[in-house]
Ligand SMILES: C[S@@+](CC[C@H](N)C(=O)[O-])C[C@H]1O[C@@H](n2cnc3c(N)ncnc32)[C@H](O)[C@@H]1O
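The chain below stands alone and is given as structure tokens, in the form predicted alone.
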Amino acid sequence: MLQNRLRLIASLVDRGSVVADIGTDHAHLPVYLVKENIIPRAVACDIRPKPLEKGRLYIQANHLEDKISTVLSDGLQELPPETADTFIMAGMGADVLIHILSECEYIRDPRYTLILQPMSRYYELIRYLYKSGFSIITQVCTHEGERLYTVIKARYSGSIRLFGEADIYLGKLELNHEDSRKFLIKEIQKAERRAIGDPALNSVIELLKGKLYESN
């Protein structure tokens, strides 16, 4: 069974997709997706040989070698365009996600779906997506214990969105959902600490608090 974070990511995968799981670690997610017949096949990728080997052994233990391959790759560098139509990148900082996406030219194509789960500074990832012609399809949140996570499903549209600073914090959070509200409250608290050295953030914080109040 997957924990909440990976289960939420799995719920955003379109049935019948071919998935490349970037930074797969132990390959739990691609194995789950194939075993549950959500997808027909997958590629499990990691930059580090040891976690990739653990993933390969887990795939082997589940008798899925014919449906899930493993690739040693720094981001998408070793993956040709026909590898997959859905790319999952989870458990990385926003700076790493931005680097991976900015280094891959072919990903700027509407036939590819991105499922991104940043571990930090999610708003910088949203800023990058908006500036680079990607549209956010949906954004959802979940928790594991006290830790809150957000997952972003996006696709290239070629449309450069105009946005304000509050927009990159809001993304497409559905504030009528409890975990999304809790996630934004936590991010506002972080922003308040940063505002001590950057008073310009105070106006953004007030806008975000207003959105929370409106959603009550």
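Given the structure is predicted, the values throughout are model-derived calculations rather than measurements. All residue numbers are counted from 1 along the displayed sequence.
Here the subject shifts to the form predicted together with the ligand, a form of this protein not shown in this document.
Between the ligand and the residues Leu79, Ile100, Val140, Ala94, the one pair within 4.5 Å by heavy atoms in the predicted complex involves Ile100.
Not displayed here, the ligand is approached by Ser73 to within 4.5 Å at the level of heavy atoms in the predicted complex. Although the partner is absent here, Ile38 is not a contact residue: none of its heavy atoms lies within 4.5 angstroms of the ligand in the predicted complex.
In the predicted complex, the ligand stays beyond 4.5 Å of every heavy atom belonging to Leu8. Residue contact check for Asp25: one or more of its heavy atoms lie within 4.5 Å of the ligand in the predicted complex. Partner proximity in the predicted complex, defined as non-hydrogen atoms within 4.5 angstroms of the ligand, places exactly one of 153-161, 184-192, 59-67, 45-53 at the interface: 45-53. Residues of 27-43 that come within 4.5 Å of the ligand in the predicted complex, judged by any heavy atom, do not exist; none qualify.
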